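What follows is a single chain, given as structure tokens, in the form predicted alone.
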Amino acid sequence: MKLARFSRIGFILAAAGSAVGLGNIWKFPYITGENGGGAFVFVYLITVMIIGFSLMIAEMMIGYLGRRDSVSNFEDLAPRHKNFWKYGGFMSLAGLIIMIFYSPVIGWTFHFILLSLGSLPSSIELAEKSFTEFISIDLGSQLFYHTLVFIFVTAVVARGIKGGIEKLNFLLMPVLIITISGMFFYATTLAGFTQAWDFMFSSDWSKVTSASLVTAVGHAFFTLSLGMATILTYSASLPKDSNLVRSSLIIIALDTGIALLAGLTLFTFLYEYGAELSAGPGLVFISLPTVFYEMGFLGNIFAFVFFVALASAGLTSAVSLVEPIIQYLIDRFSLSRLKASLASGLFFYLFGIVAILSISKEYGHYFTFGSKNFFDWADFMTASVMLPMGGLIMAVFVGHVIEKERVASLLKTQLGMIYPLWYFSLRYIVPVALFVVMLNLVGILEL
């Protein structure tokens, strides 16, 4: 089936929208500060260019050459053992499984958008109590927001590449960039900006350990939305004469730039008002609301704008997570886009309800297996196993399976003098790095 084509800017915005997610805003700033500040940023940028850039080019190349869904692309491009390599394309399932817990989290941002219009919590204790009760007791509200996410995402992907995904990113990515930039410029006027800058960029090489290197590699890989066939699927819709290298660099710059601006902004607010420095959901759903409360009426405005931006980042990523499996259903089973979108949407919606129940106080024990509940298992299996495995498969496929001449004919001119370095990195450095990251994440190798 002939794919609709992205415009060049549409592809960049869609791919950047996929890469810029909730993790950029609540994870990157904290791991930067905890791992040596500027020293870690330097290490991170090196790993982005060696690991992230190498893999992004490889994933884009598979989609660009194959022009079909991920499974068909692996099957078509493999010079031999096609029936074996087609299973590499099932990395597209990772995005659908991520949506099981990602959709409820986006729902949390909807809740906080409404909360920002009213009374914000006045202390960390109240904020923590309110958030805990919301995710563990208020099942009705969570199911309502989860349903809104399901309807929104399904409606967008059902409209296709041009009419849905590209239009969404043309709307929401500028909203995200303008919002984060505006808040950043305001943050530069506050006294806490100096402390935030020191926290994130003062180099402390004593904190850069082997574990920090693994953290940098892992985050560089995950934040660029690699290993789940999203970039691969989007690249199948690129115009024929596209420059993959230039597009990759722009996407990486947008992703990293937004993460840095968001980190400086959020930590400026935390230092300015003496709030607790925390990581993950605690940063945006507990610490920040109390900071916004201290700002008075201006804080309500900032809270509303911030959570709208956070929801925008989540929704653009959510659309990209389900698109690969939709394209697979269309290509391999000849489903209409509407039926494929509904099937994919209902999958993450129904299992998302299970994820919500698994973190609830009343039903959580029914959905807890071993040391983790269903919500946490979905997170663990994708982040620790499926995504790095997907990246490893792509690196081996492009670096060792596809004919060298075919790779060179497409990328040698675009990469120029760094082509030999890129190809060496993809063949040898990337697989080893991802293997070590995967072993560390599943607890087999402790660094």
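Only the largest set of C-alpha atoms that superpose within 1.5 Å between the two forms is called the rigid core. Only a predicted model underlies this, so the values are computations on that prediction, with no experimental measurement involved. Numbers follow the displayed sequence, beginning with 1.
The following text describes the form predicted together with a small molecule, which does not appear among the structures shown.
Taken together, 72, 233 and 326 are entirely out of contact with the small molecule in the predicted bound form: none brings a heavy atom within 4.5 Å. Using a 4.5 angstroms limit between non-hydrogen atoms, residue 169 is distant from the small molecule in the predicted bound form. Contact check for residue 12: every heavy atom lies farther than 4.5 Å from the small molecule in the predicted bound form. In the predicted bound form, none of the heavy atoms of residue 430 sits within 4.5 Å of a heavy atom of the small molecule. The small molecule is not shown here, but in the predicted bound form it comes within 4.5 Å of a heavy atom of residue 387. Think of it this way: in the predicted bound form, the small molecule has a heavy atom of just one of 266, 228, 176, 153 within 4.5 Å, and the residue is 228.
Here is the short version: of 321, 149, 180, 165, the single residue with a heavy atom within 4.5 Å of the small molecule in the predicted bound form is 321. Of the candidate stretches 342-350, 368-376, 139-147, 217-225, only 217-225 contains residues with a heavy atom within 4.5 Å of the small molecule in the predicted bound form. Taking 2 Å as the criterion, residue 218 counts as shifted between this form and the one not shown: its C-alpha moves by at least this amount when the rigid core is aligned.
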